[in-house]
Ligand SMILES: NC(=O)c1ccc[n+]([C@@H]2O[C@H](COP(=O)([O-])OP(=O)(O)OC[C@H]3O[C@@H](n4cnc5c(N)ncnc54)[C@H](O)[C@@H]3O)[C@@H](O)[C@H]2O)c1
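Read the single chain below, which is given as structure tokens and is the form predicted alone.
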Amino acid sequence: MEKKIKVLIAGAAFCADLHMDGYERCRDIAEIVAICDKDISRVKSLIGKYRLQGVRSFDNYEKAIEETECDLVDICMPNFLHHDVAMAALRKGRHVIVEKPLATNAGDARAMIAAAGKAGKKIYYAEDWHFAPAINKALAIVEEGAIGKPLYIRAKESHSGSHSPFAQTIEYCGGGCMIHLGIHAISFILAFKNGRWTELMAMTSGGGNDNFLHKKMEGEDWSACMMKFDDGMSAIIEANYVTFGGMEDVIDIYGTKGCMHVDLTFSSPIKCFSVPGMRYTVEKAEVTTGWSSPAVDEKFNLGYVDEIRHFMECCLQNSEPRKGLRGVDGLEALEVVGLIYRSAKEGIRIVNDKL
């Protein structure tokens, strides 16, 4: 029998459920051995939902890491805990999966990467867009030259606001919608262009009373950034918390011989009209009554399933994940987020001095 990667999941809320669906579909190479969350009822709920057997429960991540024999710690906790949990896991000699953003600031991210290097372990940066089937098909179409040379890309993630209380403060989240949502588009474009951006300019709603809708949120509820690359291509990245009707993940690619529009969330073959409303239609939808397009295998289409399998395979082989999914890629995306916030705050164009 092929060796299975033993996994400790740190956190048992929304993100953990996204990842658990992936583990459920690769039980041939992965085994959940423990789950921890300060709310032990969430641990029990996750264990019950996925019919897990022999899984240890913890309400403290330090105790869980210290007492669990595992190969990898999957960190599904709020942004501000990514650094501390990763450092504890790396000190114990475990590989780690870290959700986006890698940390709340670049300094913590660099410390995590240094600790991984010292321990001889891997940081797998969980950016699901890199595994979305629609995006990978779009990239294949670009690669074959069907739309010519890409001239301009517009990429956006948005919805009406985070469900997490930790997303309301900069201390816990690291910013507003750009670090929480826009980082998907940043990671995608940086990987696509090998990080060779030359300049950027950005604007945000400002946070607090300057926000469009979320006045009690410290970070911005709208942000946009224009980037240029060394081959002449331009891109606009947008993120916002002012989009009602469910999450929007949209990428538009304009080339010299054509164009392409990619919709990750609303591309459903189902149209349904419901008077009482359905249990679920699409992530972040406020209502499910009336006409809607319920998502079909949403977690697979957003990339989570293949992402988890890729990380398990890399862990089995002790190999690096593909570009865009390494700790250094998470750091690069976080550094760009920081520059976006600086550009917006100071009203300046920022030139990439690393090229």
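Worth saying up front: this structure is predicted, and the values here are computed from it rather than measured. Residue indices: 1-based, along the sequence shown.
What comes next is about the form predicted in complex with the named molecule, which does not appear here.
A heavy atom within 4.5 Å of the named molecule in the predicted bound form is found for exactly one of H214, K121, H130, K100: K100. Shown without its partner, this chain lists G207, G246, P78, G255 as candidates; in the predicted bound form, only P78 has a non-hydrogen atom within 4.5 angstroms of the named molecule. Look at 21-29, 8-16, 342-350, 328-336: in the predicted bound form, residues with non-hydrogen atoms within 4.5 angstroms of the named molecule sit in 8-16. No residue in the set H83, C177 and E238 has a non-hydrogen atom no more than 4.5 Å from the named molecule in the predicted bound form. Among residues of the shown chain, I186 is not one whose heavy atoms approach the named molecule to within 4.5 Å in the predicted bound form. Although the partner is absent here, T198 lies well away from the named molecule in the predicted bound form, with no heavy atom inside 4.5 Å. When contacts are judged by a 4.5 Å heavy atom cut-off, A126 counts as touching the named molecule in the predicted bound form. When the named molecule is considered in the predicted bound form, D297 lies well away from it, no heavy atom lying within 4.5 Å. Along 302-326, a non-hydrogen atom within 4.5 Å of the named molecule in the predicted bound form is carried only by Y304.
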